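Following this are structure 1 and structure 2, which are two forms of one protein chain, each written alone as structure tokens.
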Structure 1
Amino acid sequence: MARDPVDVCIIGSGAGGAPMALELGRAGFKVVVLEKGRWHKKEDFVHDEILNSRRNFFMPLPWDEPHLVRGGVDAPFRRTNEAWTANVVGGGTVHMSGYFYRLKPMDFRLRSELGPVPGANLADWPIRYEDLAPYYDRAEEELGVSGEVQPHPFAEPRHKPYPLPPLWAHPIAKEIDAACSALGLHPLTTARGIISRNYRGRAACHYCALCGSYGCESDSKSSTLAALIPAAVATGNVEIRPQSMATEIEVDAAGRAKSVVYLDANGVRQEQPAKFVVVSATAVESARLLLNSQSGRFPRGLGNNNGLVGKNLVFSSFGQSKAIFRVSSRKKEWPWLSDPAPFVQRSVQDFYAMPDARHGFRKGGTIGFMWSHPNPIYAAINIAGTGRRGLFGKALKDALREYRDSKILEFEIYGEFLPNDGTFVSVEPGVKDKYGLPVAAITLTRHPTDLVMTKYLVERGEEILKALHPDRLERVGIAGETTILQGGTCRFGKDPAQSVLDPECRLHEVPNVYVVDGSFMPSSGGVPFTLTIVANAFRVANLFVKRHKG
């Protein structure tokens, strides 16, 4: 049935949707947010690894709602649960670790900086860093970001300090600093979307063991659920409708969006008429929704008459190594090693970009240090292994005792992911989810340069770890991608023939439809996407209000 019309219907309540809801609500627009997942209270987030991490608390299951993934156009699709972020009010910001780096000015003009790269679809952004900078300030202030401004070779210009001082760092940070300095590198304090002091009615972080991958039980993590949605609802103009799965955007005879069709918590079809539709369901799922919204006017999907919706999908290039330190053998040298402080709080961006291609790549990324995730079942299953090398019995217990006596320092790479013709989202009409909708199909082809780059950054990270003289160094991988960080399926740009969205993130072909998740990003950059998505959503909201108010 058709609901009462509203000004704006927003699909998704995460990093993109929530800032839009807040700002449009403040400006007096009547807003409905359709969120596919449940609306949790902070009390629902408990330190229960089985509930949180080992069952489908955040992510759907591949037999209910699969994503199809294949490694290149010639490979067969397989069903997975990859490339989902949390299906909850607040989206992926609920379970994020909150590594809140900004992009660098060069990220906005990658094509100009690098020139043509064979096999890659590089594009400059239609805005500059300077255009987004005020909204980075805004995002950091609204969400609550803890950090400190430090000079380093790739430090982005900024006009304001962080709203909150840095989080307390484990003493190992000082050792990383010394190791980096000896190598001629510039370690920096990682900015975090976690509040280090009480902030706007939210309690400061109490440094529990379980942060990333968990929802925060004290609202200290700066998810949109904790930081933006209560304020949006308090405007009196915003209604959050959880467990509402958008299935299609309907258009009128003139080709403008007129409503969003969705299934409510009982599976009943509803229709929400709206003057404007804002799509923010993740780069993969937003592309899927547009591609599934087919009509006489848009037979290939909404806003897709140029065939670019779903193209140029990017993730974040991933690599990782870990250093194992035995606490007992370090007791004299590092008596503080067993300190339970959960955050390492150090990053290295010296390899964010290279002056020339002597190492086989020009654009790199960030090396971020952290303690290995403390989930004990997760750790034990990895330690036990299976097959001929698998451990059980006394050998397994000895290995678990060794783990108890260890601190495991890891780094993770957030590297540029070169967009290419072989990496895109399509829909598979033959494979449907539990709602009966064709599912998103991801074709993933890695540009060889990405792998050269990731390996190089992993090796540099390992040099830092080696300088700390660990008992053991283990390389996890040099050729991965972090699929919870996703962008690029609806590139923004000035040329309607080359992009899906205009610089204000409206569909070129349907100007009353906005897309504000990571989809707009023509390139991944060398940092996690979340803060940039939030900042851009504040930018788009500001332009929306200017254009449509009064």
Structure 2
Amino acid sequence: MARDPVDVCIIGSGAGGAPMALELGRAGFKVVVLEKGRWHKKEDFVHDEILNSRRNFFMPLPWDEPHLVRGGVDAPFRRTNEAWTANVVGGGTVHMSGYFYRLKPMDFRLRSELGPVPGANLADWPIRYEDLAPYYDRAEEELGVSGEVQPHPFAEPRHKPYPLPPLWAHPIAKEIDAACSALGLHPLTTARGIISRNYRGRAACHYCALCGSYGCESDSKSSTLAALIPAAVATGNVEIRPQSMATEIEVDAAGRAKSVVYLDANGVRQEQPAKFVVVSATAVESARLLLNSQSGRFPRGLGNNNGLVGKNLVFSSFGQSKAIFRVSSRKKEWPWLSDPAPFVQRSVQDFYAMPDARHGFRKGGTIGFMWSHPNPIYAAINIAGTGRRGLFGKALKDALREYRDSKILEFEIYGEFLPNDGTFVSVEPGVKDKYGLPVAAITLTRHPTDLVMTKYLVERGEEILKALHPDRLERVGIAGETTILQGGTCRFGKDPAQSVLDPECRLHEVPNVYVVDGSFMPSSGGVPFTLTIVANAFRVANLFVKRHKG
């Protein structure tokens, strides 16, 4: 059934879609936002690990809506729910931890900075940091970001302070500061998408410790659900339509998008005509939607006549180590160790870029410190282990007792993920989801330089942990990737032969279709993507209004 036409149909309500909805609604455009997930209220967010982390509250079940993943073009695919973010109004911003770093000026000119890297598809961005900086300011203000501007060798230029002071840090932050200073490093207060004071009608954080993997029951987390969507709806021009699964973008005889086909909550086919379509379903799912939107004009998928949709997929390179402190043995030395403050609030970016290639890489990333997530089931499963290394009986009980007597300080690496020909998204016609649609198939091949870099950064992070003299140090991994941080599948650029989107994030081949999730990013940078996606969406919305406001 065809619905009444609107000016703009936005697919997805997360970091990219919500800023567009807000700005276009404020400018007077009639907007419909299609979101495949439910629209939760803050009362729905409870501290239930089984509900939130062991079921399909955020992520779909792999037998209902699988992603296919393989480690290289010669490997078989396996079904997984990896590379899903969150199928709810607000998207992945609802269950994020809210680590909000900006990219650095060099991230926008990585090809020029590094030169050609064999096996990597490096490209400079068609904009510069200076072009995005005002929209970083805007994103931080609209969302509500807590932080402190500090001098640093890789500090990005800023014209404004953070809108809110930093969150309260656990006393161990001072120990990390001392350890870093002794190593000649420059620890930073981590900026967070969590409000430290009451802000725009939202309550300040009450330090519950359950940010990542959970929604926020007080609206203190700066998700688009809490910060942007209510303001968008309040314009009177924006309708959020939850449980609406977009299946195809249809085009007219001239090759311009004319409508979005979707399945409503009852599985009934609907059609939303619109003058413009904005796609923001995550880099993987947006590529899938475009590839599945085939027509006589676009037999390989919408905007894909150059064959680049889905190519150059990037995640964030990942590494991790943990320091275990036994509270009973350290309580005289560090009586505050059992302090329940949930946030460590420290990062290190001294290795964001290297002056030369003596260590085997030039572009690095960020080391972020945090307490281990307190989910007890997750912890118990990891402690018990599997197979021959699994623990049983007294050994398992002793390990669980040790865990209960421990504080676990860990760090994560957010590192550059070099785009390459072996990492991309396609669709698999032979495997369909519960909607009857071909699913996204992810081929993942790591550039060897990434692994050299993550190993180096993990070793540097471990030096900091060792300086704290923990009871035990445990390396988790040096060669991973964070698949909820994703971009690159519709990279933007000035040359239609080398990119999918123009600098305004419009499809080169279909100029009334915009893509504003992480798909536009030619490179991953050495920080989480979320703040950059929000900032870019505000930038694109501003350009949209200037171009189309009559």
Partner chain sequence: MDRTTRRIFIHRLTFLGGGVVLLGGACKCNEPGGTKPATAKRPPGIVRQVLTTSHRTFTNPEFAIVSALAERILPRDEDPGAIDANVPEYIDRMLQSPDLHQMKEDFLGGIEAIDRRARARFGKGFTDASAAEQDELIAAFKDAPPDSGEAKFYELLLTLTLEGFLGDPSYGGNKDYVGWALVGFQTTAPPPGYDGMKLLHQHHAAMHAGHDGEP
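Superpose the two forms; the largest set of C-alphas matching within 1.5 Å is the rigid core. Computed from a prediction, not measured in an experiment: that's the story for all the values here. Residues are numbered by position in structure 1's sequence, first residue being 1.
- Only structure 1 is derived from the form predicted together with the partner chain.
- When two forms of a protein are overlaid on their rigid core, residues whose CA moves 2 Å or more are considered shifted, and S295 is not one of them between the two structures.
- Relative to the superposed core, T386 undergoes a Cα shift of 2 Å or more between the two structures.
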